[in-house]
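Listed next as structure tokens is one chain, alone, in the form predicted on its own.
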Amino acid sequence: MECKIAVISGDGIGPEIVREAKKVLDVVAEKYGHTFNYTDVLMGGASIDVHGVPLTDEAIETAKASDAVLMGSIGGDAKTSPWYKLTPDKRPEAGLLKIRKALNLFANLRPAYLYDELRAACPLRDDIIGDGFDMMIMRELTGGLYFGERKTENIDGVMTAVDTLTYNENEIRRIAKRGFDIAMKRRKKVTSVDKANVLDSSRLWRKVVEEVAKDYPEVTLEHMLVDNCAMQLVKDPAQFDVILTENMFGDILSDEASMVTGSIGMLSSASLNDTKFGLYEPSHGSAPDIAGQDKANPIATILSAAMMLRFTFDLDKEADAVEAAVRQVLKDGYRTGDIMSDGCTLVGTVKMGDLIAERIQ
């Protein structure tokens, strides 16, 4: 198979972790007879430095002409970077919102899985961890507060900010269907998370999700308020299979879920539209404090590349091989600093990529 992949290395540790993901993909291509053609695309601070904006229209067109996008991370230190002296629409993160909207990437998938080898890195007690947990957080990605109208103005001498949370039934229905479809391939349980005791948008969310559930009689549906879900993630994470939720709630809950896996450096993600196209990126940020020091954990990016093989290219066997290689490296006791524990061998970004690539079967 020949695949066209747009590559957004981004800022901070982005170029380092993307390099290791490409290293692993190249080994997959060699062993399984595929060709991966990469086209570099600037976004975030890297694009601001060259073009003065976080994402150009030309970059969007390049992404659209590709089969998938592999991304590292964007942004810098908000206190020291000149990028954050710009207006909000010109800052690095604006490029991320723009590309999600332009590519119609409405479904964000964030798996949170606890490897047995990383139990020591999990901040939860052993009795809470039990036999481990394996959940998929389905986050709606192009609606809600992040894309609603916003303004800040002086009203009667008082500075007042307004952010608008808007969802329509079609936006809710399409992410709900995607969530139930994925649940059918897993343990057939959906936990729909909202704030229906307060928000009209959540009451509509709940109504539409219940309508969709009727088409999936094999799937168990439960509703959970977001504050309770945040508590349950650290009280009993094993209860969750697919968590279905809106944009901001999903943003917050997926970061919480990442930490109970041991490190946000382990959390991959996929952002999909209504075709096979997707943007694949780690869930963590650009970590400018360790950029260029060979300290970043590339596993989340490598696992994101595995999700790309699975969801966009339907290369399940190849995706399994990458995931198995990651698992084997952890079993062999190799760790980057963020997941380091006693008795393990500390390695850097490049070495971790090498070790995983060597174990591709």
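The shown structure was predicted, so the numbers you read here are calculated from the model rather than taken from an experiment. All residue numbers are counted from 1 along the displayed sequence.
Here the subject shifts to the form predicted in complex with ligand NAD, a form of this protein not shown in this document.
A residue is said to contact a partner when one of its heavy atoms sits within 4.5 Å of a partner heavy atom; G250 fails this definition for ligand NAD in the model of the complex, lying far away.
Using a 4.5 Å cutoff between non-hydrogen atoms, M71 counts as a contact of ligand NAD in the model of the complex. Residue contact check for P237: none of its heavy atoms lie within 4.5 Å of ligand NAD in the model of the complex. Contact annotation for P288: at least one heavy atom lies within 4.5 Å of ligand NAD in the model of the complex. This chain is drawn without ligand NAD; in the model of the complex, the residue among G262, G75, G144, P111 with a heavy atom within 4.5 Å of it is G75. For the options F277, Y84, Y115, Y216, the one in contact with ligand NAD in the model of the complex, meaning a heavy atom within 4.5 Å, is Y84. This chain is displayed without ligand NAD, yet in the model of the complex the stretch 288 to 296 from 26 to 34, 323 to 331, 288 to 296, 306 to 314 comes within 4.5 Å of it by heavy atoms.
Across the proposed site, E171, R206 and E211 without exception lack any heavy atom within 4.5 Å of ligand NAD in the model of the complex. Contacts between 333 to 347 and ligand NAD, taken as any heavy atom within 4.5 Å in the model of the complex, involve only D338.
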